[in-house]
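Coming up is one lone chain in structure tokens, specifically the form predicted on its own.
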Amino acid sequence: MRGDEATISAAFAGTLGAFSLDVAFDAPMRGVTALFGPSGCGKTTILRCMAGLQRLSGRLTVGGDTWQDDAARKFRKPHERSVGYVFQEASLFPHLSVRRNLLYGARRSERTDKAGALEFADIVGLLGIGHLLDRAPVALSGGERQRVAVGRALLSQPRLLLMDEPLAALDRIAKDEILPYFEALHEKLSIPIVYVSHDLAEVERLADMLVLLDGGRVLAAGPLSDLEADPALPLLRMSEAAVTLEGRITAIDEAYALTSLSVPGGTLILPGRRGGAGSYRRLRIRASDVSFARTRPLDSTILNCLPARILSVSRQNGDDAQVNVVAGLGEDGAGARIVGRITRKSQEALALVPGVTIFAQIKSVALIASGA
């Protein structure tokens, strides 16, 4: 596959009232790319431009297929773009049953007749909505309506699925119910998803790539774990700063009910039996749960103590007491990056500066999602 066939390349610029947008980024044709930033930063405008619902100057190619190119005077209308769009509100047809809402989306698949098309039964099973097929939308919960909306979008056989804060209208309980289904989409489907959110917890559970936005501009774009550990970006300076890693289960200690997961540069141990050997799990390590030592600690209750090398030390915004330490796992520091937030006094007392080899003690590792 050529590079352009494996990539979504987007660039849009223009003014909408008092708001100015000027963005450019690339995303892979697989997995979840999150557009993340504060309200009013341009996330939804970008999504609408990708769908052709909003026209600003620029260029958009999806898997080598050009949907917009102002230089070539090319612009595909919304109905000519192979896009599934999921809005904040499910917007189901109230006079149709769940089954008929889904079949409405499937009409496009009948026209395209593509090999490898998503099957009705598979999508119903993946989203857990088989028992809802004969119900009217008014009889569904908010989370159920959104699952049906996602199914309808997928059954249109899109090349690209756009999701505009699909959980924003749900309460926390409903979000927790629907997120596992979104994780299943990420795991099972090869359709690329561009996901808009201002909730970092959603992004950490779902996203592979992140486009960080502010004021209509791209601050950075790249793998989620890289941007979380970048001292030049605001994610590291948030009160709940963390890094998200993907680990592979290598062993289960049945006697003590512990799971070993391999990540680049080391192995982490989690309480509980977390799955079969060889399967992948997504992990979240909070900066507040990481401490450092110059020598390997003895007789400690902390099971995760890994050699690492300090890559950077930066002050916490407006805080003279704390610093953020980014370290790469492994003695050479070439493994996964983790972040620790420690006192400036400790940092100076131990002379923790870039290049120093240390031991990272990780008090708690949170399992947040299954991986691909």
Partner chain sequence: MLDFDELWSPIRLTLELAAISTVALLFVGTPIAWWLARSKARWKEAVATVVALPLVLPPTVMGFYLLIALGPNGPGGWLAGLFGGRSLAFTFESLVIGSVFYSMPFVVQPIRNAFEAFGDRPLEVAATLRASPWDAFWSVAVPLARPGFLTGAVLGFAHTVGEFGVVLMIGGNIPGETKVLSVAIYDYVETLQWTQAHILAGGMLVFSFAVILSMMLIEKRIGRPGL
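Numbering follows the first chain given and starts at 1. Just so it is clear, the model here is predicted, and its values are computed rather than measured.
A second form of this protein, the form predicted in complex with the partner chain, is not displayed here; the remarks below concern that form.
For the three marked residues, 292, 298 and 352, no heavy atom of any sits within 4.5 Å of the partner chain in the predicted complex. In the predicted complex, none of the heavy atoms of residue 55 sits within 4.5 Å of a heavy atom of the partner chain. Although the partner is absent from this view, residue 82 contacts the partner chain in the predicted complex, with a non-hydrogen atom inside 4.5 angstroms.
Though the partner is left out of this view, residue 152 does reach within 4.5 Å of the partner chain in the predicted complex, counting heavy atoms only. Interface residue remark: residue 93 is counted as part of the site for the partner chain in the predicted complex, having a heavy atom within 4.5 Å. Of the listed positions (87, 181, 280, 75), a single one reaches within 4.5 angstroms of the partner chain by any non-hydrogen atom in the predicted complex, namely 87. A heavy atom within 4.5 Å of the partner chain in the predicted complex is found for exactly one of 30, 59, 344, 48: 48. The stretch from 214 to 222, 126 to 134, 260 to 268, 97 to 105 that comes within 4.5 Å of the partner chain in the predicted complex, counting heavy atoms only, is 97 to 105.
If you take 138 to 159 and check each residue for a heavy atom within 4.5 Å of the partner chain in the predicted complex, you get 138, 152, 153, 156, 157, 158, in sequence order.
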